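This document opens with one chain alone, in C-alpha cells, the form predicted alone.
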C-alpha cells in the first residue's frame, strides 16, 4: 500500500534546495520517493520569470546526483510546478510530495493520495484551444488513474502547469504554416490557464465535451472548475499534472480538504476548510495545531468586474503594479493571518478556476490529533 508524505521546505533563494538535500542525506526522504514539487519562488510571476526554471534546473540536478540518473529523464517524470511572486507576507518555499510503499503505523479510513502525469508536448498552435483542453483532460484522467482514486468527488485539488506561446515559439509555428491563437506571451499565458481549467473540468466530468468551444475560453466564465489550480510558463512544453485527493487505498496520516473562495475577502472559506480538517481558527490557528499543517494551496483572481462586494477596486487599472501581484499579496495576507504562517502557495491567474474574483483553498494536514 502506498503512503503519501509532504514536506514544506523554505529556501534562501530560487536555487536553494539545501533543506531537501539535507533530508535526503539524512535518510528522512528517499530521492526515489519524490513524486512532485509545488512551490513559490520570488520572481515576478510573468513570462520572463526565470526563477521557476532556475529552481527546476537545480532540483533535477540534485535528484540526478542522488539517483544516478540523467536530469533530462527526471524532468519528464517529476512534475515541478512553480508559481512566481511572493508578494507581502508570503515566504518562498516548496512542498515536496513523496510516495513510498509499505504500511503506515496507523491506518485511517481514507488518506492523502497523489497522482502525477505528463502530456505530450503541446504545439504552439494548440495552446489555448480545444486541443489543449483535451490534452489536459486526458492527462488529468491518467493522473487520477495512477493515484488509484476511484471516485471523482474524492479529488480535491488538481495542479496543472501549462506551456505558453513565446515570441520565438509563435514565429516558428507561423514559419511552419501554423496559426497560434496569439503571439502575445502574456495573453497566451491567460489562454493556457483557461485551457487548463477547462481540461480539469472535462477530466473530472464537471463539464462535457459539447459544453464549450474555442470561443468559450476567457469568455464564458460560467464554465469553471472549483478544484483546478493552473499555472503557465515558458519553462515547460507539455502539461504537467499533480492530482491530490483522498483514498482508502492509501496509508498515512495526511488528508486534504478544499473549499471555494467566493472573493478576495472570503475569510469564511479559509475557516471552513480548516474546520473540515478539525481545526478551530479563532481567529488564528493555534501554534500547536499549525504543526499539523503540511501544505496550504490557494488560487485567486482580481474580480474583472472591478468591484469587491459592491465597492470599486483599482487592481485592473494600476499601470505600476500588475493586478496579479496585487491580488496575490492581498489574499496571501488574509490566508496567512488565519494560518499563522507565510509559507503558503498563493497563485494568481484563476481564470475559470472558481467564481469570478474568487478561487479556491486546499489544505493538507495530519489527521493525528484532529478534534
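Since the structure is predicted, the reported quantities are computational estimates derived from the model, not experimental observations. Residue numbers count along the first chain shown, from 1.
Omitted here: the form predicted in complex with a further copy of the same chain. The next part is about that form.
a further copy of the same chain in the predicted bound form comes within 4.5 Å of a heavy atom belonging to residue 321. A residue is said to contact a partner when one of its heavy atoms sits within 4.5 Å of a partner heavy atom; residue 249 fails this definition for a further copy of the same chain in the predicted bound form, lying far away. a further copy of the same chain is not drawn, but in the predicted bound form it has a heavy atom within 4.5 Å of residue 264. Proximity of residue 271 to a further copy of the same chain in the predicted bound form: non-hydrogen atoms within 4.5 Å are present. For the three residues 68, 180 and 238, a heavy atom within 4.5 Å of a further copy of the same chain turns up in the predicted bound form in no case.
Listed residues 130, 110, 91, 166 were compared with a further copy of the same chain in the predicted bound form; 91 is the one with a heavy atom within 4.5 Å. Here the chain stands alone, but in the predicted bound form its contact with a further copy of the same chain, taken as any heavy atom within 4.5 Å, falls in 283-291 among 283-291, 115-123, 219-227, 239-247. Using a 4.5 Å cut-off on any heavy atom, the residues of 48-63 that reach a further copy of the same chain in the predicted bound form are, in sequence order, 48, 50, 51, 53, 54, 57, 58.
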